[in-house]
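As a starting point, one isolated chain is supplied in structure tokens, in the form predicted on its own.
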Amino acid sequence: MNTICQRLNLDYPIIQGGMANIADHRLAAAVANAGGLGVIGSGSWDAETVRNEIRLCRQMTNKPFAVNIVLLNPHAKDIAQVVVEEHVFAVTTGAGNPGQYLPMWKEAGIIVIPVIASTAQAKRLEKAGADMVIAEGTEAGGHIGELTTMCLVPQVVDAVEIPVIAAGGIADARGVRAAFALGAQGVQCGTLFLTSEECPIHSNYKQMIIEAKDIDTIVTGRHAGSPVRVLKNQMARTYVRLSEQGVDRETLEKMTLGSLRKAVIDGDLEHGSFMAGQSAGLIHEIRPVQEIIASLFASIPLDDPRLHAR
């Protein structure tokens, strides 16, 4: 069995979510040094910003790490070239089909791991040459699909031959064991790492997650066809109310302009867009990345074939 750990040279079969404009070189390096696959979340950055982040990450770790590319980013084509030029170990993708870049990445020896939300996507990308897929359920934070992790993961596992990583709603060892039971060979976590000591977001953002209950997330953008899961606050509630009243998309987009920055940098509790998954209700403290990852796998038997010998 060629495990995720063996294929990605990891101590633990975990990928850190490529959280746009949040997951910088500091978080990616911390996850890599702790034995997982750290991911630089390029979000809306331009290509040279991503190049700089890659080089800064290499100064902090000699372990493999990845870059997440949001394919809707107007700079996506240039970033796709930068990861080749910088000899990045792996790429994760979201918000689009990476098919046009796969031949270039594969020729460069880059491991390609798209995030998918349906079996059709998974099969199409397997055929195109993806090395593995991240099956992300609607419980996740940020941009989401509609299928739950519990339903999506086993169907994707049955549909493809390549390894499947489960994502969406996983924040403790119980979630890891459940993902394994569904047939996944590894997990991806995003919200959980937002409350790590190494995550460079405003303390208000971390505190909102720590204080969140099970019902404290809401999905904006459903009427516009671009659903995003965030923590409930004044901005999110107003957005959903206006959307349900039929307010035009342009007005809604103006309302959210710069809202992620307001959350990440300013910690604006009323007007920021605090992207987080439903697993926020399981997170109660700020911890170092090393401790977070170790706790996820502490109850997995040492001889489990999905893990390196520890």
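Start at 1 and count along the sequence shown; that's the residue number. The shown structure was predicted, so the numbers you read here are calculated from the model rather than taken from an experiment.
Separately, the form predicted together with a small molecule exists; it is not shown, and the next lines address it.
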Please pick, from 81, 121, 204, 238, the one residue with any non-hydrogen atom lying within 4.5 angstroms of the small molecule in the model of the complex. 121
Select from the listed residues 223, 232, 143, 77 the one whose heavy atoms reach within 4.5 Å of the small molecule in the model of the complex. 143
Just checking whether residue 256 would be counted as a contact of the small molecule in the model of the complex - the rule being heavy atoms within 4.5 angstroms. yes
4.5 Å heavy atom contact, residue 20 to the small molecule in the model of the complex: yes
Non-hydrogen atom contact residue 88 with the small molecule in the model of the complex at 4.5 angstroms: no
Residue 130 versus the small molecule, in the model of the complex: is there a non-hydrogen atom within 4.5 Å? no
So which of 92-100, 195-203, 178-186, 209-217 is the stretch with heavy atoms within 4.5 Å of the small molecule in the model of the complex? 92-100
Residues 115, 228 and 275 all lining the small molecule in the model of the complex, heavy atom within 4.5 Å: yes
